[in-house]
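In structure tokens, one chain follows: the form predicted alone.
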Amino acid sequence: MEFSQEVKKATDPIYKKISKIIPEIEWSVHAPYIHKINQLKKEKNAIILAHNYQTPEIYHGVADVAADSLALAIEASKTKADIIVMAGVHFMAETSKLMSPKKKVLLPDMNAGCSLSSSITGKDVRLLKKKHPGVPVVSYVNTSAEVKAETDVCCTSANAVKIVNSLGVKKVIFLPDDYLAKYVASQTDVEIIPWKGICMVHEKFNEKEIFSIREKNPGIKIIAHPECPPDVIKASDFAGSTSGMIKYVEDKQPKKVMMVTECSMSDNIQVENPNVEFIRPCNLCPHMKKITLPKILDCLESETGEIIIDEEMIRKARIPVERMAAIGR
């Protein structure tokens, strides 16, 4: 695609915002796609929802809403667009479909999965419920519609503790992230029955790495996602969801910070916080990185990668997501 004067003029305001993150030579490749995608969105009354882990050219270039899983689910329920394109992974697209079943929901790459979502099935949940009769199931939003259909209430890392405490019970089954379950257990008196799922990105971080970063960067603030191992959270200054980590940086404005999470998030948040120096851990999510501008353009043009869920599954799986959204952060 050609980086014409028309494209340059239309995309210059975006590039000025992210010029410190994306080199000019790269922008000449991205800009024509961004221009065409933004034109198509208007023509088709489409909206692009992007997760915080998307690359800057998607996050700042074409996303109408760029946020965490909870905010994306809420936005999907409110949008008046005819088409929702999910710049994220498969379970996020499914969640959008649950929240807006009458909309056409598209995923630019149907192979964009999630290690957490793939770690558990609906059958696994049914067996757990049989083993622990009467114990409510709290499922992380990072699960399939099939798992959500067996769930009492969903949660995100932003509201997991609040959701668990809201149930007023002594014990819950918490799925599927084992590290998030341990974090929630440390923040509540409710007994947590976990599942042994892990996020392949956050699981890679370790305590030794955190100490090494501190040694090389005196005064640095290290903030971790609760999907990280417990020793990493303990070694950090703050633990919180993606939205919580962003708020920490915005409010505290540390001179130097390391966000212990997916690499692209630091790039995206740097744009809004130019006075903060980010030390970037480079643990990339291979699934999130399957989503690219050319794939977004292709799926928007041809309307391929549509998420199809049968009506009965939507009815069952939507309930715990709606409960999550109602409880909020």
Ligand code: 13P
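In this text, residue numbers run from 1 along the sequence as written. Nothing here was measured: the structure is a model prediction, and the numbers come from that model.
Absent from the display: the form predicted in complex with this ligand. The rest refers to it.
- Residue in contact with this ligand in the model of the complex (any heavy atom within 4.5 Å), chosen from 236, 79, 156, 119: 156.
- In terms of contact with this ligand in the model of the complex, the residue from 91, 248, 195, 179 that brings a heavy atom within 4.5 Å is 91.
- Though the partner is left out of this view, residue 30 does not reach within 4.5 Å of this ligand in the model of the complex, counting heavy atoms only.
- In the model of the complex, none of the heavy atoms of residue 57 sits within 4.5 Å of a heavy atom of this ligand.
- Proximity of residue 140 to this ligand in the model of the complex falls within the 4.5 Å heavy atom cutoff.
- Contact between residue 288 and this ligand in the model of the complex is found at the 4.5 Å heavy atom cutoff.
- Here the chain stands alone, but in the model of the complex its contact with this ligand, taken as any heavy atom within 4.5 Å, falls in 236-244 among 212-220, 130-138, 236-244, 249-257.
- In the model of the complex, the residues of 207-238 lying within 4.5 Å of this ligand by at least one heavy atom are, in order, 225, 227.
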